[in-house]
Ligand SMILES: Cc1cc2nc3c(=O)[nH]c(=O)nc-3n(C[C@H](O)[C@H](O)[C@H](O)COP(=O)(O)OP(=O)(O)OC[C@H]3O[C@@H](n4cnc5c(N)ncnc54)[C@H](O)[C@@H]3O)c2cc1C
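There is one chain below, alone, in structure tokens, taken in the form predicted on its own.
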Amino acid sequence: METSTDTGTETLSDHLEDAYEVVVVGGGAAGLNGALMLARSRRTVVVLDAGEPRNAPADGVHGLLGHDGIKPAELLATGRGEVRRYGGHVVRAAVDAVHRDGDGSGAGFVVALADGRTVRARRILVATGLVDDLPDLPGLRERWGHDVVHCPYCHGWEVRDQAIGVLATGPMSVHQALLFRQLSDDVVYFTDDRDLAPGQAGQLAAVGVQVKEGRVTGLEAGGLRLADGALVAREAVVVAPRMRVRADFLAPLGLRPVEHPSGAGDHLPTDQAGQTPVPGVYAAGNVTDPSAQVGAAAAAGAWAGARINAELVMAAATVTS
């Protein structure tokens, strides 16, 4: 492995073998923890990391026991080092497609990379996470992850006691307003010309959340600008992005995302251990659970890794006549 000290970030350059027992697609908390479990079980495993972590804009990871406030890049760098300590590989690579292996055995997969290389695997763990599709509102994207947030457990403490505006951008927006009200006495819900569902106005009123009607045209340094020209002063803004999984590369297997029951985006459905409807393909983290924080994503990756190892053990122990 080579490292670069001038930027403080690693250059992921582990040698990529032709085949592994397990290929992990995605180098976030779920993928790295899954790979860690597999490497510690003496499985040959590689993590293919496209280098696009969802939480890159965030100042820190919160609610993670023993690591609260750690920089996202630092957490991932530590995880990569742990995987490598047990012989796992971590390679910077984007995946174009995953196919069934055409050697006739039906026992594995071929992973095609964006740079033209291929690698074979007996099992696949998908941990590519999500893309946050943000509302198309001037001034919002530049502040995303700082004073524009979405999760009270990830960033709520950091905006406590501030003047908070919650923008109606999704089916969970009222729920967000109720949660952020726990952190500040000054919360305003902006309808952005959307109607409240029956009972929601009463819920907001019951906890003291003000409701501001009218279309929001942009975010400015001082607050939210309305279509009538008024500027409502707010120090922090809460939005609900639509969460879209990174899983197009699974289409050749007939595995495609479906709408999540929350209505907040799509996901890959799995069982409790991460098994997708395609045998041999597992998924963990935000790609299957949009609400999972870093700790939950890592735990799901660990559990999926253990399940994959156990499955390979049982496959080797199967006696055929």
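Throughout, we count residues from 1 along the sequence that is shown. As the structure is a prediction and not an experimental result, all values here were calculated from the model.
As for the form predicted together with the named molecule, it is not shown, yet the points below apply to it.
- None of the heavy atoms of residue 283 is located within 4.5 Å of the named molecule in the predicted complex.
- Using a 4.5 Å cutoff between non-hydrogen atoms, residue 278 does not count as a contact of the named molecule in the predicted complex.
- Using a 4.5 angstroms threshold between heavy atoms, residue 61 counts as touching the named molecule in the predicted complex.
- When the named molecule is considered in the predicted complex, residue 274 lies well away from it, no heavy atom lying within 4.5 Å.
- Highlighted residues 173, 240 and 257: none comes within 4.5 Å of the named molecule in the predicted complex, counting any heavy atom.
- The single contact residue among 168, 219, 124, 95, judged by any heavy atom lying within 4.5 Å of the named molecule in the predicted complex, is 95.
- The listed set 262, 293, 44, 41 contains one residue whose heavy atoms approach the named molecule in the predicted complex to within 4.5 Å, identified as 293.
- Proximity to the named molecule in the predicted complex, taken as heavy atoms within 4.5 Å, picks out 127-135 from the listed stretches 127-135, 208-216, 194-202, 228-236.
- Shown here without the named molecule, the chain has 48, 49, 50, 51, 52, 53, 54, 55, 58, 60, 61, 62 in 32-68 lying with a heavy atom within 4.5 Å of that partner in the predicted complex.
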